[in-house]
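First, one chain by itself in structure tokens, the form predicted alone.
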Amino acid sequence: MTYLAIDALNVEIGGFALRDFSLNANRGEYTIILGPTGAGKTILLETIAGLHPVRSGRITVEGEEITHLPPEDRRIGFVYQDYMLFPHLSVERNLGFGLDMRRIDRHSAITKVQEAARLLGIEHLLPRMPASLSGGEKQRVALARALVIEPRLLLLDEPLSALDPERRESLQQELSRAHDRLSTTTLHVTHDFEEAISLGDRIAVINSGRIEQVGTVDDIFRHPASQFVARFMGARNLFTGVIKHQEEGSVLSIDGIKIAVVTDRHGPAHVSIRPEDILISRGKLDSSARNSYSGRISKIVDRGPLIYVTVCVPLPFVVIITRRSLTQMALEVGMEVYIAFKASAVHVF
């Protein structure tokens, strides 16, 4: 049975709206919510938590409708990116605040606080005040405070975005460990693809208050359902053409360029090719790939450990290579090169 069910939700906040928004999650599932700024990710979480009124639609958890329940009766944990700790309370009292609101007896509350602190490795911080904590410590406290009430649903609004890379990776591991142990059904908003891959059982991509696609990590990255999803997930090579079936197989024609594809579709179609699936060489490639072209490098973009090379054939293809490959091949703008990719690497939609 579906654990969390959001059915045809309509919410209006200022000039923004979630319209006919539907999303399900199974018990214990870790769902990543991806989308650009202003897509409605935070409003979605806040609506589930009961912070915004619902014009129409339903939200149910464990079969219980919570659409119009007050926030304190929903048993939902919420962690914002800016922590939102009570500055006048110690870490211990921050963790126990939700338990006090639920009138949990003192002995049980102390036990639960200690267990949550132990899970996140923050026992030594219990006497401290929030002002004395680092960003990573504050986020661990905020997460422990959300988990201590034993929520039936955990909402995380970009919980790692304010942290430096080292602390982000460490807390990401803590999130994974806590989820493995507790199996709390979780909705996690992030812009970080690494977080999505490492933590998510499924990904929901939203745009302008609507669902674009929901699926596994592989579904979203390898089989985008729309041009928006393909662009957002970094496919970069997006083309529109006409598919025809020939003796040697299906071919997409774009401005005189033919791309071999694997599909039963015919007629107008979109395709995407991930840049890491394209090979590049200064000499003609000895490859079984059906798609092979010569062209010239028009752009080289340095992204630290990875380099994005645009090759015009004349259709522009973006290829990802390592810095070492760039140095070994001594690639430069204007140089003639060869690229190749398999027909199976071309996603048709």
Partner chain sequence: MQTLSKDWMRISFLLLGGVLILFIVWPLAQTVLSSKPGILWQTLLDREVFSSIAITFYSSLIATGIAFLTGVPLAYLLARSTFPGKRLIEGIIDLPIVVPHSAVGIALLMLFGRQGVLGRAFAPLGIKFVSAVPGIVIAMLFVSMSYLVNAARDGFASVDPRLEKVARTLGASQWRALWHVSFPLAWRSILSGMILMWARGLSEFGAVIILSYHPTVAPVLLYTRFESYGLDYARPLATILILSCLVVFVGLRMLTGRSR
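Residue numbers count along the first chain shown, from 1. What you see is a predicted model, and the numbers here were worked out from it, not measured in a lab.
Below, we turn to the form predicted in complex with its partner chain, even though it does not appear here.
Every residue in the set Ala49, Ile76 and Leu85 has a non-hydrogen atom no more than 4.5 Å from its partner chain in the model of the complex. Among Gly241, Gly136, Gly215, Gly98, the residue placing a heavy atom within 4.5 Å of its partner chain in the model of the complex is Gly98. Distance criterion of 4.5 Å from any heavy atom to its partner chain in the model of the complex singles out Arg102 from the list His245, His223, Arg102, His191. Contact annotation: its partner chain lies within 4.5 Å of heavy atoms from the stretch 102 to 110 in the model of the complex, the single such stretch among 102 to 110, 123 to 131, 170 to 178, 204 to 212. For the chain shown alone, Arg140 is not a contact residue for its partner chain in the model of the complex, no non-hydrogen atom being within 4.5 angstroms. Interface residue remark: Gly63 is not counted as part of the site for its partner chain in the model of the complex, having no heavy atom within 4.5 Å. Shown alone here, Pro53 lies within 4.5 Å of its partner chain in the model of the complex, counting heavy atoms only. When its partner chain is considered in the model of the complex, Phe232 lies well away from it, no heavy atom lying within 4.5 Å.
Shown here without its partner chain, the chain has no residue in 110 to 127 lying with a heavy atom within 4.5 Å of that partner in the model of the complex.
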